[in-house]
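Single chain ahead, by itself, as structure tokens, in the form predicted alone.
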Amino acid sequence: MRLSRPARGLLAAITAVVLALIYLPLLVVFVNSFSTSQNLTWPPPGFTLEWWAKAFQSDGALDAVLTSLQVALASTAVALVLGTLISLGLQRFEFFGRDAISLLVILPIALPGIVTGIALNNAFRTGLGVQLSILTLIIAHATFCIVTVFNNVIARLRRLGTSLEDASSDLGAGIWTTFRLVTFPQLRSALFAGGLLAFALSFDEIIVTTFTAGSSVKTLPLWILDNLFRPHQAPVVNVIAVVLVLVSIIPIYFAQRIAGAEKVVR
């Protein structure tokens, strides 16, 4: 279906407005990270690298970055293992309740973050009697990181079918050998893309983190929230926000490139 020229112009204008609303605030944050003003007056009276130097010398910010990396890497590792196993179980086997389990796996990322956070907080503190810590935070992040891995892997398994695995079994290979030599090589790019998306999702998550981290754990988003309105900290917060955006964009970019390359190959 071809759109008329006025319709194309209207669609382009709406797209431009939406993109501007999304990315202009990010551009303002980027510019303010170089501003000489401590109160972030606009337009900036001048530009400096002072805040970038202070940000990379801030022990609180560096500790928060390290904590966010630890949580994101650990939750991604858990998501890769569990997401792959769940995908294989739901796609390769038929059993009663399979659709219900699939819905339950996807549900955490569809629920509002505050609902998930409150539910996990109650489960840890009231149900299990566990003190909130970095371990509870990793478990909480893994609940929604699993979804990104699950979606990537199960979509790949549906496209692959079972013919190669059946041929491997007919030739005498066991389940583990078939998975290692046949299934896993075909899933590697899907796992890599799912892992990158899971890492990005965990690294900048704040809502669930607020309810499951505990007072002793400070991730980068929590550090930004705590320091945003402190005197003379706004420029440093802008620097950290720029770093956070870059760290989140990079894995998403590579995941998109991997998906695009697979489409070209097919």
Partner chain sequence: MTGVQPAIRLTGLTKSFGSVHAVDGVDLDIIEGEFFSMLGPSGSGKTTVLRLIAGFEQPTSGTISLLGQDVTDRAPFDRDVNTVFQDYALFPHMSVLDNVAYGLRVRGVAKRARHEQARQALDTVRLGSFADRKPSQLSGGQRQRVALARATVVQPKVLLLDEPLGALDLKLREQMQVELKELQRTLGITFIFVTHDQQEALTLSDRIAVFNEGKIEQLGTPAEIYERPASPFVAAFVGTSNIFDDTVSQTLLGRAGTHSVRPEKVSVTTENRPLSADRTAAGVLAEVIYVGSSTQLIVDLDAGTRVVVLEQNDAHRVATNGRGARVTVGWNDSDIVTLAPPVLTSHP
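Residue numbers count along the first chain shown, from 1. Bear in mind the structure is a predicted one, so any value in this text is a computation, not a measurement.
FYI, the form predicted together with its partner chain isn't displayed, but the following is about it.
Heavy atoms of no residue among S37, T41 and T48 are located within 4.5 Å of its partner chain in the predicted complex. Here the chain stands alone, but in the predicted complex its contact with its partner chain, taken as any heavy atom within 4.5 Å, falls in 159-167 among 81-89, 128-136, 159-167, 111-119. Here is the short version: of A155, L104, L181, A123, the single residue with a heavy atom within 4.5 Å of its partner chain in the predicted complex is L181. Taking the partner from elsewhere, A173 is found to have a heavy atom lying within 4.5 Å of its partner chain in the predicted complex.
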